[in-house]
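First, one chain by itself in structure tokens, the form predicted on its own.
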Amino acid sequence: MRAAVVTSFDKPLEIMEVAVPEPGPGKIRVRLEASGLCHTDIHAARGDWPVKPGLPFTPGHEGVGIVDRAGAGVASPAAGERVAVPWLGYACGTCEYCVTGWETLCEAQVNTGYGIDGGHAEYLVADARYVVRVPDGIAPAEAAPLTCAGVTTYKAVKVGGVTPGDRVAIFGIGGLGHLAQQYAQIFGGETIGVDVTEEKLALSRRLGAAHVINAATTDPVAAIEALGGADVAVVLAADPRVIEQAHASLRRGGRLVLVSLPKDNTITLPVFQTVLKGIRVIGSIVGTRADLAEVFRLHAAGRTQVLFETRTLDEINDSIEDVLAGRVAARLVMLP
């Protein structure tokens, strides 16, 4: 089969012919139909994070396809079913996090496209327990971005405790932000789209934002304070300065939800204002299998739109450059 393989952290991915994997006990093989390109794939391919993937490996954790073979002991899903293979490849299933609905915090977890080969290929092998069925009516190329961008922002809105009437500022309207805004609105929030390009702000308006702010020409803190301050700020831009602006835009009792990962791993926030205003700072990682199933149900019910563009697997290196240069409106989906 063909796969996009990382052979070195300082070289482009190589499109290689590799052996089609065979599923062992408890595993399934998925014939991929679509695989979303996430910024995490780029970090993985470049070895940006302290714990690096073992070389060689195939990135991708937004894989969607058809189960074509099952290993011993697998009763479900069945061959022919469409499934999504998310970031959480598998977890221990027995620790305090796994048994209390926080499997994404399991310290023994192994991640798709990082610890095990991922979706930028024609086939992959996945743990049958950790894939999620894709409902009928959702096209593979739509399901792929929901498998990470969707479930990540859905979880961020949930942990932010958004309730009807809350003013919710989304910092960064793009592949994740356009979905975060929609989830905040589903929860009853009055949304504020914050970005630095008019194209992204036009998208935010089209998706129903009550207010939009161009942070390149307007001080977003002053603009949000003029609206009464935000109850929740969800930060999807990886610039520490944006996180600081989001914090400053919160009203008393506000919640700052951090999703993005700044390269230098540091931010500066004022303790005095955080304490006296009762601000909560919340880190939010990708959602669970149950969260992803909810994301799919919402999309199947017509409650969300996914903005994406398809590319072929051969275009993956050019696609990475386009993402890094900000030339992509929302999400890219690779077709094998």
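A quick note: this is a predicted structure, and the numbers were derived from the prediction, not measured. Quick note: we count residues from 1 along the sequence shown, nothing fancier.
The discussion below concerns the form predicted in complex with a further copy of the same chain, not included here.
Check your understanding: Pick from Gly115, Gly71, Pro135, Pro262: which has a non-hydrogen atom within 4.5 Å of a further copy of the same chain in the predicted bound form?
Key -> It is Pro262 that has a heavy atom within 4.5 Å of the partner.
Note to self: If the cut-off is 4.5 angstroms on heavy atoms, which of these, Leu227, Ala202, Ala139, Ile186, is the one near a further copy of the same chain in the predicted bound form?
What the structure shows: Contact with a further copy of the same chain in the predicted bound form is made by Ile186 alone.
| task | Select, from the options 143-151, 170-178, 91-99, 219-227, the stretch whose residues sit within 4.5 angstroms of a further copy of the same chain in the predicted bound form by heavy atom distance. | result | Single hit among the candidates: 91-99.
Original post:
Do Glu122 and a further copy of the same chain share at least one heavy atom pair within 4.5 Å in the predicted bound form?
Top reply: Judged by the heavy-atom cut-off of 4.5 Å, Glu122 is well away from a further copy of the same chain in the predicted bound form.
- Message: Residue-level contact is defined here as any heavy atom of the residue lying within 4.5 Å of a further copy of the same chain in the predicted bound form; does Lys52 satisfy this criterion?
- Response: Close contact is absent here: in the predicted bound form, Lys52 is far from a further copy of the same chain, nothing within 4.5 Å, heavy atoms only.
- Message: Taking a further copy of the same chain as it sits in the predicted bound form, is Ala290 near enough to touch it, meaning that at least one heavy atom pair lies within 4.5 angstroms?
- Response: Yes, Ala290 is a contact residue.
Would you check, heavy atoms only and a 4.5 Å threshold, whether Gln245 touches a further copy of the same chain in the predicted bound form? Answer no; every heavy atom of Gln245 is more than 4.5 Å from a further copy of the same chain in the predicted bound form.
- Item | Those residues of 245-274 which, in the predicted bound form, come within 4.5 Å of a further copy of the same chain by heavy atom | The stretch 245-274, when checked against a further copy of the same chain in the predicted bound form, contributes Arg251, Arg252, Gly253, Leu258, Val259, Ser260, Leu261, Pro262, Asn265, Thr266, Ile267, Thr268, Leu269, Pro270, Val271, Phe272, Gln273, Thr274 at the 4.5 Å heavy-atom cut-off.
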